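Two forms of the same protein chain are encoded below as structure tokens; each is given separately, as structure 1 and structure 2.
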Structure 1
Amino acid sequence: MKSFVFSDDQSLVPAIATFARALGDVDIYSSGPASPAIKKYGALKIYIVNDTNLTDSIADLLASRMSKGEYQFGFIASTVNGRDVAGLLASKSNAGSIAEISSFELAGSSTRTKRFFFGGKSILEEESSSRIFTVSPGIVEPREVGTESPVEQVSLSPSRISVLSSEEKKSGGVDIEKAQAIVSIGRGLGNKDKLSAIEPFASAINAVIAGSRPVCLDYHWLSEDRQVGLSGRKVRPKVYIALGISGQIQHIAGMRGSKIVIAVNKDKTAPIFEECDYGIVGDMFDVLPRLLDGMKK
């Protein structure tokens, strides 16, 4: 059995490739240049396409290879371009598709998968003959193998999409998905200037600072790449400290994989207290200095 993994973001490849390897052989598709990291996950071949925005041509390529019987399954990182490729591919290859899977097992000739539903309020377990899946981050821990995968450039058929320009987003240069400790702030912070009151504690525990959707996308107190949630990054640190975050279900879905969750919130009834291991009902600006003192002792 052979599968392919497609991700326009190479940092998502290791987990998905490790997961797909458990089923059999794997090829990887991404846009280049291939980083040394993605060569370590046991793919038979890494195929590099020149632009992952050409979603129609990529879907054509993968559909033609699937129809020749090269691949039984396709596992696609759930990014904007990944989801577009998955939908186009499912339509072109007339294969069933299941989105955002967090669990996958074979059951005879069918598959059993799990994914969040009702905006994260429930987990939907489905059985189907689907062959194309978009995959949630953190489906397994990445595991390297001892060999290095060969890389091959692959050309695409002409696309109806032309890329006119591309602009990197401003980022804090951090990857919150890799952080061991995260201090995450919500609206309760009040304003951007108060970030300076959070930083000493975050740096004392070597944590990166992340935030909820309003903090990153509406108020721009933090850059977009620091947003935790169903529509943002899905994180799995050892310790996740939620400050002034009420705990909307969309936020919980982005941090559910954390090992320990600590919450500080003024509102005793905030839903975050149902989703934490340790919580303090109180003002973060009163609690944080005390935690910082404690860590220094």
Structure 2
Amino acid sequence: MKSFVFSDDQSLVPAIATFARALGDVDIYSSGPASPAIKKYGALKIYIVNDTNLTDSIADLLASRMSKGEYQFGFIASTVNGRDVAGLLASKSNAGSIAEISSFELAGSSTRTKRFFFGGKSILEEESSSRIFTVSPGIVEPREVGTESPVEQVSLSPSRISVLSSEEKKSGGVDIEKAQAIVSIGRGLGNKDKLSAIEPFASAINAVIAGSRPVCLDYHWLSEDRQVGLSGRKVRPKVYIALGISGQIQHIAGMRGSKIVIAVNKDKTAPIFEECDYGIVGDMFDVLPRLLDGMKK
């Protein structure tokens, strides 16, 4: 069996390639230049396309190669462009598509997948004949191999889409999806001025600061790119500390992949306590200095 991996973000390639490699041979498609990192994950070949924003042209290329029997399955990073490619490719190749899988296995002539459903409230297990899948970040831990993959440039056919203009969103300058430790704040913070009380604690544990939807989108205490949740970023840090976050399902869907979750909330009935490994009922401004003193000691 042979599969392809596509990602317009090379940082997502190692985990998806490691995952696909366990199923058989794999090729990687991305935009260049190819970083040394993606060459170490066992692909038979890495194909570098000139522009991963040309999603229709990429879908044309992959559909053509699937129709020739080169690939049985496609695993695509769940980015904005990746989801676009997956939908176009599934339509062009009549292959069927399932989004945001967190688990995959062969079941005879079918596939069996799992993904979060109803905003992360449940896990949906499906058996289907689908062959195109978008993959949640961090589906497995990346594992390098001892050799480097060869790289080949690929020219795309002209796109049927013309970009008239583009505008960059304002960014906070931090990619929370790559963070190993996150301190995430909710409405319990009170107001933006109190962020200064959180920053020393986050700095002490080398964590980045993120927030819930209200904090980032409603009150603008943090920039939009720091939002964790179903409509924001999905993170998988080693440690996730939720401060003053009630734990609505839309937020939980964005941080459920965290390895250790610590919650601090004054409300002992907050749903976040059902999702955490360690919970502290109390005011974050009373709890954090004690945690910080304990770490210093």
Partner chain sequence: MAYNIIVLIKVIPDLEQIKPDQQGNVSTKNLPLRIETLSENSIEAAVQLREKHGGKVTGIIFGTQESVPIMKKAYAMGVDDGVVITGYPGNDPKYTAAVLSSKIKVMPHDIIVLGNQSADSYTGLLPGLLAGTLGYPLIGNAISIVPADRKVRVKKFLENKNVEVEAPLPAVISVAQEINEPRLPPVMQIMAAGRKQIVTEVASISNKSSIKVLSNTAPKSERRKMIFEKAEEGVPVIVKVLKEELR
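Under this definition, the rigid core comprises the largest set of C-alpha atoms superposing within 1.5 Å between the forms. Numbering for residues begins at 1 and runs along the sequence of structure 1. Not measured: the values here are computed from a predicted model.
Each structure shows the same chain on its own, and structure 1 is the form predicted together with the partner chain. Of the two rigid parts that describe the chain's movement between the two structures, one contains E177 and the other contains V140. Note on conformational change between the two structures: two rigid parts, with the smaller rotated by 11° relative to the larger (from C-alpha fits). In the core-superposed comparison between the two structures, the CA atom of R236 travels 2.8 Å.
CA movement of V163 between the two structures equals 4.3 Å, with the two forms superposed on the rigid core.
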